[in-house]
Ligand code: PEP
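Form predicted on its own, single chain, as structure tokens, below.
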Amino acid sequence: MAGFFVEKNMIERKDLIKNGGFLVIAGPCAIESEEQVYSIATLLHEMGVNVLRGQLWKPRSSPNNFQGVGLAGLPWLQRIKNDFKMLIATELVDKDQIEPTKETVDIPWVGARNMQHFELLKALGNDKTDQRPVILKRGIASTVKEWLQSADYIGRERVILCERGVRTGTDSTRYTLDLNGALVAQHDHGMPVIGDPSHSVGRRDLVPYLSLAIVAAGLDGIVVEVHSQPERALSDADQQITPETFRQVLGQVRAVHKVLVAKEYE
């Protein structure tokens, strides 16, 4: 479908989400090995996904949990770029990581834990020669106003907001996907907003349903965690789906999006 996926090697925000398109980012919660990330990238490439979630660092609540492979995984991502012409989206957790990843990472990512890491936000925004889009996830207890203020540090014209669920009174799921807040940011403030069904629900069986809710709500894209062996994942094993499940989800998301786009032109 024209405009559905990002065009290859286009790295400005205006080219990522345009003409009624829907941005799809997928990949493992964290890179664990070269074989793991390359095999998943191969399958995603075959499905037509052009943006890989390639997390080198993984902030964790406990220091005893897997923290990511760091810069050691950068050559693995570069190989994927070279072989598949995929764009790479990677979370940065410190401003010192911006420069060494610049040649490989097409879409820097600020996670929910760092939404108000102002030195990191300022460092991403201060280089006016850098026009790469930046994904900014919403903090787990942040208001829409605070989310947008964090975007201002980078420059709203470069930011893609990501709604990943906020902490509410429920304990039945990991977080609560706030489509209300996402739509306010999109409709009232003109920001592109994508949704993360994986982190918001924390259960792989519900990820397909939330993926459909995100596209049906009219948001601009999704980022989904995909792992070949989710039960063996070193981080967030409960919420990652298999490539087979993702293929089904992708087909459903495409179908819903096609209907929505068609209605816009009736």
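These figures come from a predicted structure and were not determined experimentally. So that there is no doubt, residue numbering starts at 1 and follows the sequence shown.
FYI, the form predicted in complex with phosphoenolpyruvate isn't displayed, but the following is about it.
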query	finding
Output flag, K58, A112 and R164 jointly within 4.5 Å of phosphoenolpyruvate in the predicted complex, heavy atom basis	yes
Interface segment, criterion being heavy atoms within 4.5 Å of phosphoenolpyruvate in the predicted complex, picked from 194-202, 38-46, 63-71, 212-220	194-202
Proximity of D106 to phosphoenolpyruvate in the predicted complex, heavy atoms at 4.5 Å	no
Those residues of 120-137 which, in the predicted complex, come within 4.5 Å of phosphoenolpyruvate by heavy atom	K137
